[in-house]
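Below, in structure tokens: the form predicted on its own, a single chain.
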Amino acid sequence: MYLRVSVTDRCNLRCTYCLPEDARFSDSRAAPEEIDALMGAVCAAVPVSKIRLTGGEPTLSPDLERHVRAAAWLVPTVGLTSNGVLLEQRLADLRDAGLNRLNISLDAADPAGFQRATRRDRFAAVLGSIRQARKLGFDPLKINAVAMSGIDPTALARLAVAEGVHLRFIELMDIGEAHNGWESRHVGAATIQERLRSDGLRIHEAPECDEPTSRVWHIEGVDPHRTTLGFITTVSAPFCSTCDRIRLDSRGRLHTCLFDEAGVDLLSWLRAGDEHGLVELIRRTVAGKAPPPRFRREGAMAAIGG
């Protein structure tokens, strides 16, 4: 299985589909040592081969390197998803701690578009993190872009080719802040593909390269080891049958689906010292993983880590 761990719900951007300008965050979180202990408990309970650390924005955690080291003791593949604003200066230490997979979020290919999407002027910092990650040898290096009205998918694709990264378009989901105007802002993968073609990119499906939650396409004339396009079609073509993700949030709750609103409280079991009960609870929870009754979530995306 693939465990995603939100080390904080705080974020330093205010992306229009995720957080309002006046966002409020949880006043109670698991302590760093508790997050690490819960990661270990999940790995003891079910077969986990990959851990990805997320947020909010994980680089806001001063203990991020510690969490990477803890994850690297548990599994061979340790990933991070970051918005890249504060990442560049920490990448070398994170790499040394055991980080070997990296995704950076980027919803625009220029400073003006970035500011519209995030309400912050930090495009240059994100681009610097992408280039530093390439220098340090992160491969594959993936860029996540939320597909919604107003983005320029072709500009993002051309940036991905120029920078030698793999671009993943994520369909806008009906979650939290995205409720506002979701129907008009949502753009399906097929529409993005048609836009890319109409702008002159020759693209084709590469099903042999598909990932559990991403459909992979190649660009003619571009080395697929260097750059591919991916489409995460949560809305237009749900992939529940191949999804192996479970999520641990920063409050110590385990979610078997992104749309699992409440989750299951693991932290109280950890604090009670009931190791056997904790492991059994995790096993029962994961065994009950099922498609959601609806693809909508009221809480903010930042609270569960995407």
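Sequential numbering from 1, following the sequence displayed. As the structure is a computational prediction, the values presented were derived from the model and not from experiment.
Only in words, not in the display: the form predicted together with S-adenosylmethionine, which the text now covers.
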Exercise. Picking from 249-257, 61-69, 47-55, 276-284, which part of the chain touches S-adenosylmethionine in the predicted bound form when contact means heavy atoms within 4.5 Å?
Worked result: 47-55
For this session: Tell me whether Ser82, Ser105 and Ala178, taken together, all sit within 4.5 Å of S-adenosylmethionine in the predicted bound form, counting heavy atoms only.
Result: yes
Exercise. Does S-adenosylmethionine get within 4.5 angstroms of any non-hydrogen atom of Val146 in the predicted bound form?
Worked result: yes
Exercise. Would Val161 count as a contact of S-adenosylmethionine in the predicted bound form, using a 4.5 angstroms cut-off between non-hydrogen atoms?
Worked result: no
Exercise. Quick one: is Val126 in contact with S-adenosylmethionine in the predicted bound form, heavy atoms, 4.5 Å cut-off?
Worked result: no
Exercise. Taking the shortest heavy atom distance, is Asp152 within 4.5 Å of S-adenosylmethionine in the predicted bound form?
Worked result: no
Exercise. Which of these residues, Ile192, Leu201, Leu172, Val75, gets a heavy atom within 4.5 Å of S-adenosylmethionine in the predicted bound form?
Worked result: Leu172
